[in-house]
Ligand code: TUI
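Here you get one chain, nothing else, as structure tokens; it is the form predicted alone.
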Amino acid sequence: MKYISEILGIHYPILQGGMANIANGTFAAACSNAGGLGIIGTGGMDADQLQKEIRICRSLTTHPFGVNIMLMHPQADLFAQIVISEHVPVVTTGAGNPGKYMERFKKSGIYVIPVVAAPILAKHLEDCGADAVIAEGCESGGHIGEMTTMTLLPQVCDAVSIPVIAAGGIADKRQMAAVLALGACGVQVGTCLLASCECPVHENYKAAVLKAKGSDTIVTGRIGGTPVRVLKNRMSREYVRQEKAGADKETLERFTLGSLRRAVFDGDTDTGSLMAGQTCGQLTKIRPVADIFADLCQDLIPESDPSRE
């Protein structure tokens, strides 16, 4: 099996998740410099900011990096044009189908990796020209599907012939070994990077992640069809209570409007949206990204792998 690191020219077969309002150019560069593929997340950005963050990232690293495009974003068309004009080598996508951009991406030499939550979508995107897919299970933080990584990953691997990257529920080398055994050629991680020295989230957010146990996440929006996994707090508990009581969309949006920014930038752990996956219960201390990546791959990736030379 060829690891995604060999394909992308990086040291470890690890992608950093494009977390909204968190994955800026500085953080992406730090993750690329640590041996993974740093990814700038467009969630919470506009087109001008994306261009700025790409240039910041490029000024801080000589290694490959990528951009994650949230396809439901109103400026997704502009984002697509910017990654082409800025010669970004890798694009990951979420919340939609990148098919309408695929021809332009491929002509520009961009390696395209959509995130999928179902095998049928993975097959469709392979047919559209995707170079690889990220199979993301519902253990992950933020927007999720219904299938677990354990069930989703082997079914996606069976459905497509392109490389499959695993995401959701991966925070140490035991889980890394498990997804490699299930057919993944690498991983995408997010929650474990919240507990990194370089992660730009507020210290209150980091402290909440370290304090959380594995059962301390909750899924908001499941009834309304927009499931998001976050840490339990006053906002998320009240959201779910109101949702179960039949509250309308407008009422529920009052809880979440600006809530991620409040958590990330202001450290509001009471009414902010603390997106995190179920691996939060495994995180016990703040560490450099380089240590997190090295521990994930310890004894698993052969030293003869060309990407490690």
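For every residue, the number given is its place in the sequence shown, counted from 1. What you are looking at is a predicted structure, and each value in this text was computed from that prediction instead of being measured.
There is another form of the same protein, the form predicted in complex with the ligand; it is not shown, and what comes next is about it.
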4.5 Å heavy atom contact, residue 228 and the ligand in the predicted complex: yes
Distance check, residue 97 to the ligand in the predicted complex, heavy atom within 4.5 Å: yes
4.5 Å heavy atom contact, residue 121 and the ligand in the predicted complex: yes
Contact label in the predicted complex: residue 115 to the ligand, heavy atom within 4.5 Å: yes
Interface stretch in the predicted complex with the ligand - options 231-239, 139-147, 170-178, 102-110, non-hydrogen atom within 4.5 Å: 139-147
In the predicted complex, the one of 283, 70, 264, 29 near the ligand [non-hydrogen atom within 4.5 angstroms]: 70
Interface residue in the predicted complex among 301, 296, 290, 20, criterion: non-hydrogen atom within 4.5 angstroms of the ligand: 20
Contact set, 196-212 vs the ligand in the predicted complex - heavy atom within 4.5 angstroms: none
